[in-house]
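Let's start with one chain on its own, the form predicted on its own, as structure tokens.
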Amino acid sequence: MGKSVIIIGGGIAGMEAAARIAAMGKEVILLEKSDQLGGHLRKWDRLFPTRRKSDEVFEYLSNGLNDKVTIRLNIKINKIKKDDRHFFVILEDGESLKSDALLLTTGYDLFEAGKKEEYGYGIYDNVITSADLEAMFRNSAEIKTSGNQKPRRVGFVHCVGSRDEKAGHLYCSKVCCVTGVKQAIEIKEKQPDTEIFCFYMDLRMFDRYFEDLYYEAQQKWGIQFIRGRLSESCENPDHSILVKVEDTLTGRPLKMTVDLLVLLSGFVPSSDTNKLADMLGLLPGSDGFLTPVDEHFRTNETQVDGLFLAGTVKGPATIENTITDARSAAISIIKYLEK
């Protein structure tokens, strides 16, 4: 009794782990750098594969936070120290928080699409990211171009910043393919006359119902999938986008004009995670994400006694996998505290 846990990161994993640990009678301090909980979830509209509203998931996570969870927002961490038994998190204003265990759930960042200059993000108004498109879904009944027109043709580019040696990220971000398929269907639901083309390396629809969504996109909505890598895009005088693609199935170059080009940006390690890892002496894996002490049997533990990991701090994951991993971390922490 009386044991406490500090959780750094108030996204999906942090909220779910806090709820589970608090439900087992432990005091939790949940630290979040922004002015609200929820992380990337709060920016999304509907979720794959069922297109459930993201607000439902956030409400579920929020309802689990009882009076044993102290929520601290707009937090900046200056230093983390550890003695034989406790962790001390020193905030920017000098306040020191003490706990018996520490859980990192600082998540991920999205790849900065502007780094792929040949795609035109940040240069051409009608080149956007999947996150930008999701904001349109959340805030508007219609999808429109920068000229306030409904797009007649939309292109999706998969694997932007992932599986890309030049970008320094050889790994797959797992959720980009299904996100692109989901978003393509949503545009067709809103605006059935829009032509949609998805340019992909290969589709990795690995989880349950993902293939069903892919078949729905083709058979019900007529969305066209072209296996090819976008080499370049440029802006036409009317602000539409000319894309140049190598069709890898036919071995021929392809040119096409689209009114809106959507870049499916992948996951990258959070800059906040890297700073905390340095404070705690943790070494990231070859992909830059943090690695548990054993990837089969102790997936939430680290080489630092009492320090745990959960969620996308360890690499790309779906919301379902993130919630499951947060519950696993909670069990591991309770076991550690009672040891």
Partner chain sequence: MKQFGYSINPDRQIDYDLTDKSLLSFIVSFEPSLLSCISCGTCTATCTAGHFTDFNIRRVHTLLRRGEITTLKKEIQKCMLCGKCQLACPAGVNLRNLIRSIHVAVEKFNV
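Positions refer to the first chain, counted from 1. The model shown is predicted, which means the values in this text are computed figures rather than measured ones.
One more form of this protein should be noted, the form predicted in complex with the partner chain, which is absent from this view; the next part is about it.
Which residue, I226, A135, I75, L110, has a heavy atom that falls within 4.5 Å of the partner chain in the predicted complex?
Contact residue from the list: I226.
The partner chain isn't shown here, but in the predicted complex which of K174, R153, H169, K188 has a heavy atom within 4.5 Å of it?
It is R153 that has a heavy atom within 4.5 Å of the partner.
What stretch, of 154-162, 85-93, 265-273, 192-200, brings heavy atoms to within 4.5 Å of the partner chain in the predicted complex?
Of the stretches listed, the one contacting the partner is 192-200.
With heavy atoms only and a cut-off of 4.5 Å, decide whether K81 touches the partner chain in the predicted complex.
No.
Give a yes/no on whether T257 approaches the partner chain to within 4.5 Å in the predicted complex, heavy atoms considered.
Contact check for T257: yes, within 4.5 Å of the partner chain in the predicted complex.
Any of the heavy atoms of R252 lying within 4.5 Å of the partner chain in the predicted complex?
Residue-level check for R252: yes, a contact with the partner chain.
Contact with the partner chain in the predicted complex for Y215, defined as at least one heavy atom pair within 4.5 Å: yes or no?
Contact check for Y215: yes, within 4.5 Å of the partner chain in the predicted complex.
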